[in-house]
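As a starting point, one isolated chain is supplied in structure tokens, in the form predicted on its own.
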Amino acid sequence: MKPTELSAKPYLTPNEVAAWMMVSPITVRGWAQKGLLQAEVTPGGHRRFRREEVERFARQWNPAGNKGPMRILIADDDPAVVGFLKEWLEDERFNTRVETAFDGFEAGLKVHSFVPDVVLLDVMMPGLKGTEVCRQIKQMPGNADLRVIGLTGHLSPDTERALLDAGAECCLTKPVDMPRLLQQLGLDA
């Protein structure tokens, strides 16, 4: 089932929640039994999860089980840009955890598995363009509030408008102005 189809359903089965969160149905049942994910029980004894509850849980769920560092996903096809940003953002001054993706498809997978707080997204990648990746990420259940910051070496008013319309909060130019990026991320204090 596509994320847009899941977002239209008021209740989800344990299997649908598991597919969405990329875990097994047994894990979903465990979350429900521990009270981490609220479930309703049908007259037949089956668990059903309200979509809004699953979205809340997805925003808060952290595979490491803590509320630790800011989780940043860098999605860019240029290894030099990725390496520079990763090294800079993993500096010990910042409480961050950084993961990388080198194309739009990998970025979509990492949004599920890494559960970032913010995605730094290259606008011009091979295959899926950054605007389409942003749109798809934002349409995934539970990701409407996920922060996306666009990065491009060729900023034009049309490019910026398209990315903002897709759901990004802003678009920065490359080479990246690191003080501005840190300010945007809230790491400049």
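C-alpha atoms forming the largest set that superposes within 1.5 Å between two forms make up the rigid core. Start at 1 with the first residue shown and count on from there. If you're wondering where the values come from, they're calculated on a predicted model, not measured in any experiment.
We do not show the form predicted in complex with a further copy of the same chain, though everything after this point is about it.
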query	finding
Proximity of residue 156 to a further copy of the same chain in the predicted complex, heavy atoms at 4.5 Å	no
4.5 angstroms heavy atom contact with a further copy of the same chain in the predicted complex for residue 97	no
Residue 103: touches a further copy of the same chain in the predicted complex, heavy atom cutoff 4.5 angstroms	yes
Non-hydrogen atom contact residue 50 with a further copy of the same chain in the predicted complex at 4.5 angstroms	yes
Residues within 4.5 Å of a further copy of the same chain in the predicted complex, restricted to 122-143 and counted by heavy atom	126, 127, 128, 133, 136, 137, 140
Core-aligned CA displacement of residue 138 at least 2 Å between this form and the one not shown	no
Residue pair residue 46, residue 142 - Cα distance in the predicted complex, closer or farther (3 Å or more)	farther
Closer or farther: C-alpha pair residue 112/residue 14 in the predicted complex, relative to this form, given a change of 3 Å or more	farther
